[in-house]
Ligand code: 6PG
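Next up: a single chain in structure tokens, the form predicted on its own.
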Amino acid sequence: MGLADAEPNVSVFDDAESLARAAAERFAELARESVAERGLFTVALSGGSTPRRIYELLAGEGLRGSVDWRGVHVFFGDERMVPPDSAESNYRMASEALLSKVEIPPENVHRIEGVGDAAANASAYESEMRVLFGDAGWPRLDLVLLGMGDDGHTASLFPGTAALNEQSLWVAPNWVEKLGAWRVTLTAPVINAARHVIFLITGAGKAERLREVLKGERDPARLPSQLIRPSDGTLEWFVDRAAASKL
């Protein structure tokens, strides 16, 4: 049995708040370890309501001072094609909840451009990542935070979309027909190259899909979250009791 075939590492929490607190503490712990070992901590943030609470906790009195933010480089798992001040922007949410409240150097915050052409923006973001990660086959992010949609998508890897099959790009433009919109997303091989990946899943509305992703037939074209199987890293599922109700 290979690492990818092992029983999923699922931690169940009573509610969304206790999940957020545990995830924030895990983030801080990994950040401290990475900065101590390598002088920096590279993380790809996720959008959504569950991550927002994690970011608020990281910016709060209890945890803010436990991380050397000067050594943190923030990337994003995906972005909508919207300006950075849009209410829909993952960057804006992370900035309001966390980045504007900690002493992270502005040049350490790597925002995906959401205005203009999605393909050009994806290419520019990959170039920006390569400044830090060099000519590696794939970047070695220390942590990737992921959510999962009701349809089984993660980042902006949606069911049946072209980016699911990407094997060379680090960052891809992805047309999502059901949304009638372009997204820019990290590709599955980039996420799978990370040292640590954590899915954050809350709510009864996710319970059946989570059961399918973890226990059902392997069908990543329909359930893109199944694509995430780190090649040399840890994969953890932080779920609340409601989301775990069908496991």
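Predicted, not measured: the structure shown is a model, and the values here were computed from it. Sequential numbering from 1, following the sequence displayed.
If you look for the form predicted together with the named molecule, you will not find it shown, but the lines that follow are about it.
The three marked residues, 34, 108 and 140, fail to reach the named molecule in the model of the complex, with no heavy atom of any inside 4.5 Å. Note on the interface: of 109 to 117, 143 to 151, 159 to 167, 126 to 134, the segment with non-hydrogen atoms within 4.5 angstroms of the named molecule in the model of the complex is 143 to 151. In the model of the complex, the named molecule sits within 4.5 Å of a heavy atom belonging to residue 49. Contact annotation: residue 174 falls outside 4.5 Å of the named molecule in the model of the complex, judged by heavy atom distances. The named molecule is not shown here, but in the model of the complex it comes within 4.5 Å of a heavy atom of residue 80. The named molecule in the model of the complex is approached by residue 206, whose closest heavy atom lies within 4.5 angstroms of it. Contacts between 85 to 99 and the named molecule, taken as any heavy atom within 4.5 Å in the model of the complex, involve only 90.
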